[in-house]
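This document opens with one chain alone, in structure tokens, the form predicted on its own.
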Amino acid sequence: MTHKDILLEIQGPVAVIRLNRAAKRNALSDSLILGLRELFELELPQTGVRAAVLDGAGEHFCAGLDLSELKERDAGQGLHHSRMWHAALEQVQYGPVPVVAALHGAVVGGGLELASACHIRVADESTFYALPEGSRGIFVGGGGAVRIPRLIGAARMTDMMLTGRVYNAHDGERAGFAQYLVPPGEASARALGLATRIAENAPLTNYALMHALPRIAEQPADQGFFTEALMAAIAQSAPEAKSRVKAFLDGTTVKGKKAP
């Protein structure tokens, strides 16, 4: 990875991706957003990794949009700018591998939008969440209006944007921002452990959880049942699934581990 604001480290089956603008609290520039899109869309599939960790250098995960780049746009320009962010974060959510976010410090504005595109979120006790767009006269534009209510509900998001409410790490976990809460400084290690465990799954099962499950959840029940049946049939027909089931039934090993 050659982007100056993104560090990529391959640790076995896991890619560790780190936002690298600590001096700006990892604020998201357009260049960084486009770099993330390129990384997830073009580079990760070539590495052969099976899971990823998304982290932020320094004391904060991401403090949101780089306001020094905020400029006047007409309605058409603003629309296309937002859609550019959508396309990039779509690659995080519906990309090649599951992504575990390691949250600490500020997870604010666009940073929260980025975190909400990940599949699992681990927060340490220094984490806080906010959506200051409301007080700045703007609106979320990176997919937050869709993804964040699915985590915490529309009423909580409305409250945050109307009043400027900030959630600390403990209240944020209870609200649904993160699935795991760990002591300060331990989010990266926990996220890496989870990603390593996820990488042991059959790739097609992980694909189904990333790509099929969110869509099934949005479908009417009859369509969801049908989509589920199709995905189940595809997953269980994969050679790796067959070998794993056989190993379980035989009590043998899969990739060096005794079947449970």
Ligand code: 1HE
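These figures come from a predicted structure and were not determined experimentally. For every residue, the number given is its place in the sequence shown, counted from 1.
Keep in mind the form predicted in complex with the named molecule is missing from the figure; the text below concerns it.
Please run the contact check for G64 against the named molecule in the predicted bound form: heavy atoms, 4.5 angstroms, yes or no?
-> Yes, G64 sits close enough to the named molecule in the predicted bound form that at least one of its heavy atoms falls within 4.5 Å.
Contact between A23 and the named molecule in the predicted bound form at 4.5 Å, heavy atoms?
-> A23: yes, in contact with the named molecule in the predicted bound form.
Hey, in the predicted bound form, is E173 touching the named molecule, heavy atoms inside 4.5 Å?
-> Residue-level check for E173: no, no contact with the named molecule.
Taking heavy atoms only, is S68 within 4.5 angstroms of the named molecule in the predicted bound form?
-> Answer yes; at least one heavy atom of S68 falls within 4.5 Å of the named molecule in the predicted bound form.
Please state whether every one of the three residues R18, A51 and D55 places a non-hydrogen atom within 4.5 angstroms of the named molecule in the predicted bound form.
-> None of them does, since no heavy atom lies within 4.5 Å of the partner.
When the named molecule is placed as it is in the predicted bound form, which of 94-102, 150-158, 109-117, 185-193 ends up with heavy atoms within 4.5 Å of it?
-> Residues of 109-117 come within 4.5 Å of the partner.
Give, in sequence order, every residue of 113-135 that has a heavy atom within 4.5 Å of the named molecule in the predicted bound form, or say none if there are no such residues.
-> If the 4.5 Å heavy-atom criterion is applied to the named molecule in the predicted bound form, 113-135 yields E113, F128, P132, E133.
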